[in-house]
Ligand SMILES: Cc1cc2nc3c(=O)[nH]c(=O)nc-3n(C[C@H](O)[C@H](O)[C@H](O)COP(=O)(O)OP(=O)(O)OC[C@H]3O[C@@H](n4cnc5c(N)ncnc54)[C@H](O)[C@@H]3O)c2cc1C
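Have a look below at one chain only, the form predicted on its own, in structure tokens format.
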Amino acid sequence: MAVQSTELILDELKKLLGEERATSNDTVRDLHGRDESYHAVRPADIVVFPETTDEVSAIVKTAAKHKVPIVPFGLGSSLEGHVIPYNGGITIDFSLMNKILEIREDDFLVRVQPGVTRTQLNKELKKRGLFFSVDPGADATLGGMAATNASGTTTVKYGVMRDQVRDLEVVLADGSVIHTGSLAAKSASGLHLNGLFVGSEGTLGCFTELTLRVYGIPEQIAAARASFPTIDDAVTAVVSIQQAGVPISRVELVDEPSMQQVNRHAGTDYPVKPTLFLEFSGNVAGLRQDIEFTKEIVSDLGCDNLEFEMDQEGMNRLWEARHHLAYSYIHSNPGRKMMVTDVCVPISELAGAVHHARETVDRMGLIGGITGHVGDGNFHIILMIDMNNPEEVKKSEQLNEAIVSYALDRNGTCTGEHGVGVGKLKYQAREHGAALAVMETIKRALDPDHLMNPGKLFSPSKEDA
């Protein structure tokens, strides 16, 4: 925005929110011009910190009046540039809208503001014997998780973020407020607006309240680590476990180079082989039966090292190795930037996709390891890139192209959980075909001036080009 326009809009917002909650401070602007991705930084023009839905509505109306963009911001933990305000405008930071508004224990529902984090919610739910299931690894805000349809390690049992959302309160591009659902467990009435808005990445509106499904804490939990001669054996084991009806809670695949990285970082001596990290939950009797059944399945498929952990300390130690994998790569490669690929394929195609990914990384001479939510076909390459080396940056982009192409050729998707943002924009037409035009029609209907997080999920309109 022009300096004069910025000052005019900032004055209006300060009258609305006060001097402290509307700012163009350089440090604050810079913090809101980046996320956890490798994408270029672009400082925000103005940053505001609302506390209520009415304030969000008023902010959006101000933006609509001046025809300036709106970018919703949670914690900035996104991985595809979702919150970077490349077109400038007003960034709405939801950190002050962080209240747990209602816990409906009998309905297994909670109502929260968008700035509530996953850890914050689970800390409160634990007092009631409940928990929220989606675990993307990062302690992201629930609003941000809904915006990107986050998932993670527990998807194999509980589903993705879209499966947990019962209702959303949304401020639309004109400042009006709607609800997308109800408290009912099911409905045959109207279009499924929850499904439309979850995963919309701030391009259709701003979430100001979320009603989410929660679950009872299992009576007993067990974790396991199983190593296999080949990735094919590991993937086959997972398919066999699922076919046998074992209600596995988490199942993560880590390849050999990443197991080496785990051992270096955590001081462990795990076998350097394709490894599954698993978690089971349920009542004591049922869990014992699931464990014995799993032992039989993996032993028939060449598992040469299987260890179970039943106590909390042991389970924490085992899962820390998986959860801290990305950070171990970062710490071991100072001066390099982490780039994480993200595709999802049918499970029957997963072993081939991982082989292809590993061969491509090695052929290009890049530093990286592979990990994946093998129970749902979603996997990642953790790449450490020297951003000052143009050739290496180009290779990383070529690698990403190759991984995405492999997935799309097998009727997979360019992103299993990280979202589109700006990083996956160029694949939307190939993945969705004629359906993309339907999505763009919905975008134009709800946001005719293309002000809601422009340039993310949808390519900029001709008018904005």
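One-based numbering along the sequence shown. Computed from a predicted structure; not experimentally measured.
Keep in mind the form predicted in complex with the named molecule is missing from the figure; the text below concerns it.
Residues of just one listed stretch (69-77, 261-269, 178-186, 300-308) have heavy atoms within 4.5 Å of the named molecule in the predicted complex: 69-77. Relative to the named molecule in the predicted complex, residues Gln164, Val198 and Lys424 are all farther than 4.5 Å at every heavy atom. The partner is absent here; in the predicted complex, the one residue of Ala150, Val343, Ala234, Leu350 having a heavy atom within 4.5 Å of the named molecule is Ala150. This chain appears without its partner; in the predicted complex, the one residue of Gly89, Gly202, Gly375, Gly369 with a heavy atom within 4.5 Å of the named molecule is Gly202. In the predicted complex, no heavy atom of Leu276 sits within 4.5 Å of the named molecule. In the predicted complex, Phe94 approaches the named molecule with a heavy atom inside 4.5 Å. Although the partner is absent from this view, Ala138 contacts the named molecule in the predicted complex, with a non-hydrogen atom inside 4.5 angstroms. Although the partner is absent here, Pro85 sits far enough away that none of its heavy atoms falls within 4.5 Å of the named molecule in the predicted complex. Contacts between 30-53 and the named molecule, taken as any heavy atom within 4.5 Å in the predicted complex, involve only Glu36.
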